[in-house]
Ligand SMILES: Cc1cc2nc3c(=O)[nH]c(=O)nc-3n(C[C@H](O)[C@H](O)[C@H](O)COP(=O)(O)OP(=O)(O)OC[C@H]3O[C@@H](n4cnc5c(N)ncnc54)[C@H](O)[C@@H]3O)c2cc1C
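Take a look at this single chain in structure tokens; it is the form predicted on its own.
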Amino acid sequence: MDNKTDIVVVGAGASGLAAALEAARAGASVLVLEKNHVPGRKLLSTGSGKCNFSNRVVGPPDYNAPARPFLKKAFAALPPGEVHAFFAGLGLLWSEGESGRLFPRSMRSQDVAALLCDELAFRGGRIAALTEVSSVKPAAGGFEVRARRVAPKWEKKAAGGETAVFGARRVILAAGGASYPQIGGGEGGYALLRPLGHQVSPISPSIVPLRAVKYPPRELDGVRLEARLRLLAKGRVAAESSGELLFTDYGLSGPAVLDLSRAAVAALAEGPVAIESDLLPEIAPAALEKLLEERARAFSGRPFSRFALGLLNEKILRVAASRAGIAWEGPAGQAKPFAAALKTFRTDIEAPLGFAEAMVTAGGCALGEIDPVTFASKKAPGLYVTGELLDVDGRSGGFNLHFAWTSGILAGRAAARF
């Protein structure tokens, strides 16, 4: 077996780079195998290229409920403040945005990736790009890792397919999830896990826009506003969120919708789902009715269009009025039905958009098969599993990247203890 090393890391994403760096710092020889042409390909696209790499406050409640007991132990082993210290030690300066989101001061995701890669190289770690792992098998003294050379997409005549075999005492699987296949996401990591004895729960897109059923007027496309949302399923409120709501030509997006998307995807598997939007969340229902009644008196004798002007974006006011049975150019008034239309603006949901539009993958490797302190496999000694391959996903705001750093750092440290 050629290309022997202490640790092979499969994937040069967020968790893979963090794992490789910590293992190299501990003195292990480390080789990272990455199928993309550059390390950190998905990392470079996070936060619209600004890299919302963490949040000022991180805890188990920021993640899917079944993962919270696991995360309580992981965050006890590596408190969130220590992850921030990890980046400070790399020389990263950051600033705080809305809702505690942390961004590099440069607002450049490539700077975060460069700091990780530069430190890894300084510690002797190596990255082999355009190298896709096809199998990981236990072998004498550790593992046999088989990989093939990937031809660059921009070189149509370039040869690919050459195979290589690597020997490693330990392997860290950090291959990432299925989101954003156009920049390297895929299901290859799950295919590596199953032959090693791991269960993989069904995966689905998360933090993803939602497609509406028979979407109403296309003129709402592009309208943004602050709203409070309720996800309705089986006659009850399944989840709630607040923040920016974006109407699109296919349905709904924006931070408030993305935060509801995981619950929406789960609920859709069992029946119809709708999102009810409070378009004026800062005004209580009774107060809104009173306000509109006062406006009706003030604008008596004028058309409803003048009565409504200035409340919200005119495009959504027109749709709300139509839903309330109010003629846009009819007489001003009808405060109660119009208030109800604004406070309970309903959109029936058909499905999420696909993995190509999803920020995160829900589902993955069963957490009961992973040690939450070391991220070591309980099925295959010497194997570690990190990041999006695990059945952990959080809400938007830097929480998913924070988990990637946490799992990678802990796995890298543990894997280097021979």
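All residue numbers are counted from 1 along the displayed sequence. As the structure is a computational prediction, the values presented were derived from the model and not from experiment.
Missing here is the form predicted together with the named molecule; even so, the following discussion is about that form.
J.: Which residue among 180, 87, 143, 304 has a heavy atom within 4.5 angstroms of the named molecule in the predicted bound form?
T.: Looking at 180, 87, 143, 304 one by one, just 180 meets the 4.5 Å heavy-atom criterion.
J.: Could you spot which one of 33, 376, 67, 28 gets a heavy atom to within 4.5 Å of the named molecule in the predicted bound form?
T.: Looking at the other structure, the residue within range turns out to be 33.
J.: Which single stretch, out of 184-192, 318-326, 247-255, 112-120, brings residue heavy atoms within 4.5 Å of the named molecule in the predicted bound form?
T.: Only one stretch qualifies here: 184-192.
J.: I'd like to know if residue 172 sits close to the named molecule in the predicted bound form, meaning any non-hydrogen atom pair within 4.5 angstroms.
T.: No, residue 172 is distant from the partner.
J.: Decide whether residue 349 counts as a contact residue for the named molecule in the predicted bound form under a heavy atom distance cut-off of 4.5 Å.
T.: No, residue 349 sits far enough from the named molecule in the predicted bound form that none of its heavy atoms falls within 4.5 Å.
J.: I'd like to know whether residue 360 contacts the named molecule in the predicted bound form, with contact meaning heavy atoms within 4.5 angstroms.
T.: Yes, residue 360 is a contact residue.
J.: Should residue 205 be counted as a contact of the named molecule in the predicted bound form, where contact means heavy atoms within 4.5 Å?
T.: Because no heavy atom of residue 205 falls inside 4.5 Å of the named molecule in the predicted bound form, the answer is no.
J.: Go through 9-36 residue by residue and record those having a heavy atom within 4.5 Å of the named molecule in the predicted bound form; state none if no residue qualifies.
T.: Contacts from 9-36: 10, 11, 12, 13, 14, 15, 16, 33, 34, 35, 36.
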